[in-house]
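What follows is one chain in structure tokens, specifically the form predicted on its own.
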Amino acid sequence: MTMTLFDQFLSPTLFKMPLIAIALVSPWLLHHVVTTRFSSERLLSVKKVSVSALTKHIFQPLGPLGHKWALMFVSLFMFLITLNVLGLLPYTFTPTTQLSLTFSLALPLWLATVLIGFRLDPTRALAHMLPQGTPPLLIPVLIIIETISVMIRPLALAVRLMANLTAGHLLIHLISTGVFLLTSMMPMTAILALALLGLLTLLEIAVAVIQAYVFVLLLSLYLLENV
């Protein structure tokens, strides 16, 4: 059977049963349960500080109505960052490299922000479709352009997350294959490639964190436009 570079992104199966469900549940099993010893445990203390900083940074521009989304957005951030980082481990599967998953996360949340905007203030929600001071001849064109730009937001969110993670995994796969092939032929070149692979892995860890943050940040900006 011919294998391609993109076969690593196929959902793994066991006895013809997809294992993506286990991959989606595993992040929640890794997070500690809050106890009375929360502040005494270093890992949980770091987690508390990080979550507090994230919440303050993202929700500071939002009003009281937007603060109700804090729990959902922070939970989504922790979920995405855990999936992304776990996917860098050997012999693991990254569900966020699947457009079906990222789009299923982006579409309902984006749609919720839009519906809340129309529910709270329809005039303000529609005002985003037409900038103030637009010449009358350009009004129909701008309305169409702005409507399309709003409608493709969930797709852009999903593709951004999926594409960045997919590109990183492909680079790691290509360089690791090169290290394996060059070990016997050119050891010094293999050592240099291995060092490059280590640096790339560190970069991909940063990308995994940043992409989770960007996903949640953009959703908060969409929410800011509507509340």
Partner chain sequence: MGGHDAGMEHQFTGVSRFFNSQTYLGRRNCVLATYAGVAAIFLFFKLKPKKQPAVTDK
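Numbering follows the first chain given and starts at 1. Everything numeric in this text was worked out from a predicted model, so none of it was measured.
The protein also exists as the form predicted in complex with its partner chain; that form is not presented, and the subsequent description refers to it.
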| query | finding |
| --- | --- |
| Its partner chain: the contacting residue among 71, 126, 120, 89 in the predicted bound form [heavy atom, 4.5 Å] | 126 |
| In the predicted bound form, segment of 133-141, 80-88, 152-160, 96-104 with a heavy atom within 4.5 Å of its partner chain | 133-141 |
